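Form predicted on its own, single chain, as C-alpha cells, below.
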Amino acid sequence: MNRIALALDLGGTNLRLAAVGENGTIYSRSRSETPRGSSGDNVIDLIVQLAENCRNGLADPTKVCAIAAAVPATINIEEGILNKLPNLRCLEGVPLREILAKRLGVEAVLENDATAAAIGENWLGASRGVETSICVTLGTGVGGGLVINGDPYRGKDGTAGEVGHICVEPNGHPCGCGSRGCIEQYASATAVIRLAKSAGLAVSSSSEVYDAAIGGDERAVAVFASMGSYLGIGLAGLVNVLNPEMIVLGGGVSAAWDLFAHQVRREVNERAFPEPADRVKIVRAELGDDAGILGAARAVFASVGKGAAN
C-alpha cells in the first residue's frame, strides 16, 4: 500500500469522505447529511469526525499523506480560503485549508467540487484518455470543471469552469451568486423542484419529479425537457469557445438522462458551429458519487510533495 489521501466531497445535501489509494482504490468510507442552517464550525467538526473515522478504519493510518476537500465554492488559491458558496454560505471566508491541516495533522488541498469531478472522470471515468473535456455536475447546484490538454484548468483566480453561472435567461430567476437567469436556476435539482411546483406538482425532491415523469405526468416531462433545453443553450456556447472532445454530465439529476439528453444535444447541434458540435460527445458520467472523491484524491497525489497546494 502506497500513499493514501483522505478525500472529501462536500455537497449542499451530502458530505462524503473516503480514504483513497494512489491507484484509485477506496479503502474506507464515511458519509453524513450536510448540516443545514448550522454554523461553519459545525460543518468543519463533522468533516474532521468523518475524516478520523476513515483514517482509523485503515490497516495503516500512517499512510495518509493529506486531505483533499472538493468544495462547491470559488477558492482563493494562494490563501486556501473559500469565497462564494451559494449553497453553503456558512463557510464563506473560512480558511478551510489551514483549519483541516491543523486539526488532522496532514497537508490539505482544496479543489472546486466540479473540477474534482472532472479530474476524477478523466482519471478513471467517462473521459479517461480524452485530452479536452468539460464535466458538468447537476446536483443541488450546477458546477463545471475543465480539463484542457490533459490538465485541469482552474484559471488565474481559481474560478474557471463555473458553468452553472452562465446566464441563459437575462431577466430570469434570481441566483444565489447575485446574478439572474443562471443555468443553475434551470438545470439543478433545486430548479427542477421549483419548476415542478410552478407547474402544479406537489413534490419535495427532484427524484419525485423524475418518478412523476416516468409515470407519464406531462407536467413533469415538460420540466425535464425545459431543463435540457436551457442546459443545451449554455453548453452550445462552451462548445464554440473551447471545442471540447467530450462533455460529461454527472450529479444526481443526471439519473434523469433519458428525459433531457435529447434536448441538450438538439440545442448544441442547433446553436454551436457545425464542426465542434459534430465532434463533441455528450455522455453520462461513469463514477457516480465517487467522481469528486477520486478527483480530489488525484489532486492530492499530483501536488503534495511537489510544493503545491491548491
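Between two forms, the rigid core is the largest collection of C-alphas that superpose within 1.5 Å. We number the residues from 1 along the sequence you see. As the structure is a computational prediction, the values presented were derived from the model and not from experiment.
Although not depicted, the form predicted together with a further copy of the same chain is the subject of the following passage.
Contact check for Glu275: a non-hydrogen atom falls within 4.5 Å of a further copy of the same chain in the model of the complex.
Although the partner is absent from this view, Ala59 stays clear of a further copy of the same chain in the model of the complex, with no non-hydrogen atom inside 4.5 angstroms. In the model of the complex, Asn149 approaches a further copy of the same chain with a heavy atom inside 4.5 Å. a further copy of the same chain is not drawn, but in the model of the complex it has no heavy atom within 4.5 Å of Ser205. Judged by heavy atoms within 4.5 Å of a further copy of the same chain in the model of the complex, the contact stretch among the candidates 157 to 165, 207 to 215, 190 to 198, 116 to 124 is 157 to 165.
In terms of contact with a further copy of the same chain in the model of the complex, the residue from Leu238, Leu104, Val221, Leu85 that brings a heavy atom within 4.5 Å is Leu238. Contact with a further copy of the same chain in the model of the complex, judged by any heavy atom within 4.5 Å, is made by just one of Val283, Leu259, Leu242, Val43: Leu242.
Taking a further copy of the same chain as positioned in the model of the complex, the residues of 178 to 204 that bring a heavy atom within 4.5 Å of it are, in sequence order, Gly178, Ser179, Arg180. Fitting the two forms on the rigid core leaves the C-alpha of Lys84 displaced by at least 2 angstroms between this form and the one not shown.
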